[in-house]
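Below sits a lone chain in structure tokens, taken as the form predicted on its own.
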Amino acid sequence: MSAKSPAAPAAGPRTPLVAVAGNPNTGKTTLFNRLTGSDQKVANYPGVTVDRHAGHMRLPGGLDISVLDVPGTYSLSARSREEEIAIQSIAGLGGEAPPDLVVLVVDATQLSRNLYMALQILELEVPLVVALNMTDVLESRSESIDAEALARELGVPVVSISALKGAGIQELERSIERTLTNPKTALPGPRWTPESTELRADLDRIADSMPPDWIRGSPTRARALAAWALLSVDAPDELHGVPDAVRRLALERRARAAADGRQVDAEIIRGRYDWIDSRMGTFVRPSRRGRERSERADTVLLNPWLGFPIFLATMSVVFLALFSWSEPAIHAIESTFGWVSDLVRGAMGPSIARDFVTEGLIAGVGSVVVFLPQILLLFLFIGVLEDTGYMARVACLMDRIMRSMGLNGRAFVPMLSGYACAVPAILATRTMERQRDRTLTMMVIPLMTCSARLPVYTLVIGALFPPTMLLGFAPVQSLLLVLMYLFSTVLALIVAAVLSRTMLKAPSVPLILEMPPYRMPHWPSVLRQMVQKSRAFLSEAGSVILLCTIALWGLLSFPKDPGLEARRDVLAAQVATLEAEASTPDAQARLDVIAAEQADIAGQQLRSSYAGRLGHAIEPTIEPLGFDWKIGVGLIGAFAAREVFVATMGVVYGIGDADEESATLRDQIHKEKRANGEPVYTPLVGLSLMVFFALACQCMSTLAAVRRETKSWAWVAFLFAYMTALAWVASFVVYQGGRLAGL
């Protein structure tokens, strides 16, 4: 390993700039860290919140260089903010300094998909060195890549490395130095050129409108930028820095092609992949036995009659794992944080500081950590499905169905995962290449009936719907539960179709997949992905969840009533005295009476808190849905997590700790009367409440995950606003429609 300079190089001649680029999860950042060591800094790209990692290093021959870690993208088509920054950084557009060299980190196990980006860089005529990463993983599968043959096909140096283990790094550094000192060694070799005369005419016409400082006298570069404009100009977000003349012309040529029945996206994308596929046999040596085994397996797994049942069985296992297998770990985490909270409560004594630590900080950290079992399990399954090669087949099978909603087959696994929990499901959208598709999927995942809604449904159905049979054989309570799941699923599909044709409208992009051979998963890579995704959730989404938990604790706990606080302290002292005598019947009976009084005090405190006052304030808004202020308080508490609605209602009614199976809470809800003697909660009110919970975004953790993935508060606000409005309207229709029907 070459020595790293302890500081940035001194002022003098311009320091060469090397950009490290690549697809997500290729080891790009690991390589960047190895090259720069500790001599790096983190800032934001101008005007955006995307991290910019930059550093310095000294090459073996003594040359000092600057190194830039470009955001990971699957291509240079600017359909996401990361892709837009990548094209600007690599092509030197939008005020970005043009790099003297690009080091493209390529995942050797997903070569075809990674070489697509290599072709785009070659078309821009930017000096390139390919770092062929994870070749050790490929060798463990009895497969290999001829790096010299690949270098001949691309016309650029190709170096086999292992960024994780450090193998091949010195050879890569020497290759970087040779290319920087003699750029001609990294000029492009054979490149893709459009086959159809219509596409060539489109590209040439747009290329003629490119600014001279963009194309730098190169017709090949001009055509590459024209292809970029054609692929990107219809993205939902505007491309920053694109001249109006180029934008208008690209939109005009796209519209003309569509009118002629042509798909320019497919022509460009398929053309490049055809170039790659036609040459793969010259430098890839797959395992012959593995290839034959894969072909035999595909005759079953891609068969429309056999493939779908096998796929549904596989997804059922994933769903069962997220829903049930994670429960022991979730329970253990909740018990651990409950034990720590009780320990602190006993050590500190009654005070606001104790409440803040136990109900704010400890509960807040617990509400973050409790998601880890599901996140780890989900990314374990995703890693295994991808590594074995089955994920590509899943996307292929589901693509036709998902395309009717404006999505592609890769959206199915995240949407299915939403039945367990929206947070890991939102993180799973990273497997989708186009930002528009990721955003659309994130906007509908929270509509899937997650496990947190189940306690609410169980409480409402058990309290308000009698255990009768429909038509003599179908239990009404079970039927209602199934219908709630179907209702949310159908609404999610409808919303996806509407959003894909309105706010997130975009042309259908063909799903082009590399069908890798089936193989055993590389467990170190799978485990590394699980750890990376969990760490990202804890550091980014977790901080938002913690702050929201503390804010909700404040709403539910303040202002304090001095009289209630004094009475609570007296009762706490009595409990401490009686616990020593708890074995006697009189002491135990007295403890039960005190517990009931403490629950009543907690209920009074909640009703007089800011959250209680807010519940009264929003009552006129929710009254048309059949809800009173008590449900309003429950809805506010449920923002911490939907299942908290049950416990909050227990506190409101002075019951203390209550769950969905609490007979006392169910009885209180069932018997609650209005001033005129009418029941407050009827089956119609229960149905309206379940519909509201099915559609409302009552989950701060989901919003935090969306903020982390989109890097935008605007999408968070939109998600919360549209789901709340949809829930209100649907509940209004159910309740008022039911009343008109005499229910």
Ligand code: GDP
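From a predicted model like this one, the values you see are computed outputs, not experimental measurements. We number the residues from 1 along the sequence you see.
Quick note: we don't show the form predicted together with guanosine-5'-diphosphate, though the next part is all about it.
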Please state whether all three residues 26, 30 and 164 have a non-hydrogen atom within 4.5 angstroms of guanosine-5'-diphosphate in the model of the complex. yes
Verify the contact flag for residue 636: yes if a non-hydrogen atom of it lies within 4.5 Å of a non-hydrogen atom of guanosine-5'-diphosphate in the model of the complex, no if not. no
Find out whether any non-hydrogen atom of residue 133 is located within 4.5 angstroms of guanosine-5'-diphosphate in the model of the complex, and reply yes or no. yes
Are any of the heavy atoms in residue 137 no more than 4.5 Å from a heavy atom of guanosine-5'-diphosphate in the model of the complex? yes
Can you pick the stretch from 156-164, 354-362, 300-308, 417-425 whose heavy atoms fall within 4.5 Å of guanosine-5'-diphosphate in the model of the complex? 156-164
